[in-house]
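In the form predicted alone, a lone chain appears below as structure tokens.
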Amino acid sequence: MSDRQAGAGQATLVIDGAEVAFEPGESLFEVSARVGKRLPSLCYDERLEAFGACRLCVVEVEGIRNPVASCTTLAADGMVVTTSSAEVEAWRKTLVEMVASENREVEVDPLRGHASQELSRLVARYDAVPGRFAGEPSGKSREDDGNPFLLRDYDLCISCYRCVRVCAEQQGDHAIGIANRGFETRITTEFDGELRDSACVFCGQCVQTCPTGALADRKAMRGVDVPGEIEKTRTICPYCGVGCSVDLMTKGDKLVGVQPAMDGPANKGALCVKGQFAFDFVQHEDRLAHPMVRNDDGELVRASWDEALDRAAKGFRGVVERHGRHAVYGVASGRAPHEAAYLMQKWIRTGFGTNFIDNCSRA
């Protein structure tokens, strides 16, 4: 605690008539959010350094002539802030209309990405007219990029640069950057090549932070035509020992996509390429749907569960009788549920009296 806080109490400011305490280093945007005032923004991601590009979060501060971007303005003791005057709200509506007018479309499928609905929600919030400022667009899509994971639909890009910043600040890849200026501004890779020829590791963070769906999850979008409403189920990625939280997106009984949990304690919105995109095995046509055993000719044939389990038990007993309990070694699959991993280690340790058990998810 600082001398000021210990002696004279915590610093405060006034937001819309209410006195609010704040911590040193907090921005007006953060203080407002903490007291329940959700200021609009299209360039803000709490994981990134504040950028102040979209200007939607502007507020009025007593003693300052022009409105200031709340995300880049630090709170100061004694400030008097107005977050939503009629004039500020009118500015915000105009800004939303300018952004929306440049895009090919505003309404996009939520399967494109975690933040893909932010622009459409703001258009609805301000009853904005998307075509009011229709003119020269600044984005140009890369339909020729053949990677199987990320759709680069830059006709929807609004130059918020969240994708570029998350790639640099969170992932540390610097795989994408900004080229040119004005209406020629665009998101690109080194030498304007394809993502698979860049430093991109296909973590998908750029997809999940994009507020318009300009960067989209190609694999999830295969589920656009699947009937039903999207449901999200929170779980843990099984692929390694980090324990990243994910939201499984389903329609009916079909898994259509995976999104990182932005509030996941281990990952905070990050995932690797496997956690983000490697889910096809769940519904793959080659996945076994029933037990199989080998007949006398060595061919795999369909069997009942009792027959298959009896055959497996007989085989394990024979190995132990001939070679001892340490001849059995268990390896659990990272693609199996965590309950199955627990049962696997219990079976090896209790059933065979050995600790020869491992899991491909431990690395």
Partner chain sequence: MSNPLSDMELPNVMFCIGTNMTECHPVAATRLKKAKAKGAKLIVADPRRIRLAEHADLYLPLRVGSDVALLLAMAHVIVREGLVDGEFVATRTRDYEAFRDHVAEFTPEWASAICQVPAKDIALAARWFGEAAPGAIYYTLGITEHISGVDNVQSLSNLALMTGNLGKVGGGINPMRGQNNIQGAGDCGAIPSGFPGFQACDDPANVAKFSKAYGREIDCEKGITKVTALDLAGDKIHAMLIDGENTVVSDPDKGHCEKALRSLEHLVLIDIFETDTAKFADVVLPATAWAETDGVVTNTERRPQRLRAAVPAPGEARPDWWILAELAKRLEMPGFDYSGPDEIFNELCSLSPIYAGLDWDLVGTGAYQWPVPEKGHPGTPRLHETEFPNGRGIFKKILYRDPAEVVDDEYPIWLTTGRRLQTYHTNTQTGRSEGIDYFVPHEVLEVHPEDLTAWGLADGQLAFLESRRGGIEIRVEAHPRSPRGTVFSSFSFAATPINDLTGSGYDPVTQTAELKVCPVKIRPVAENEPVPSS
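Residue numbers count along the first chain shown, from 1. Every value quoted in this text rests on a predicted model; they were computed, and no experiment measured them.
Just so it is clear, the following notes concern the form predicted in complex with the partner chain, a form of the same protein that is not shown.
J.: Check for me whether the partner chain, as it appears in the model of the complex, comes within 4.5 angstroms of all of E19, A76 and S84 - heavy atoms only.
T.: So, no: the whole triplet misses the partner chain.
J.: Only one of V226, L255, A124, V129 has a non-hydrogen atom within 4.5 angstroms of the partner chain in the model of the complex; which is it?
T.: Contact with the partner chain in the model of the complex is made by L255 alone.
J.: My question is simply whether C272 lines the interface with the partner chain in the model of the complex - judged by any non-hydrogen atom within 4.5 Å.
T.: Output for C272 is yes: heavy atoms within 4.5 Å of the partner chain.
J.: Heavy atom to heavy atom, is T250 within 4.5 Å of the partner chain in the model of the complex?
T.: Taking the distances in the model of the complex, the answer for T250 is yes, it comes within 4.5 Å of the partner chain.
J.: Does any part of V31 reach within 4.5 Å of the partner chain in the model of the complex? Heavy atoms only, please.
T.: Although the partner chain is absent here, V31 would stay clear of it in the model of the complex, with no heavy atoms inside 4.5 Å.
J.: Find out whether any non-hydrogen atom of S141 is located within 4.5 angstroms of the partner chain in the model of the complex, and reply yes or no.
T.: S141 lies outside the contact set for the partner chain.
J.: Considering only 333 to 356, what residues come within 4.5 Å of the partner chain in the model of the complex, judged by heavy atoms?
T.: In sequence order, S333, G334, R335, A336, P337, H338, E339, A340, A341, Y342, L343, M344, Q345, K346, W347, R349, T350, G351, F352, G353, T354, N355, F356 come within 4.5 Å of the partner.
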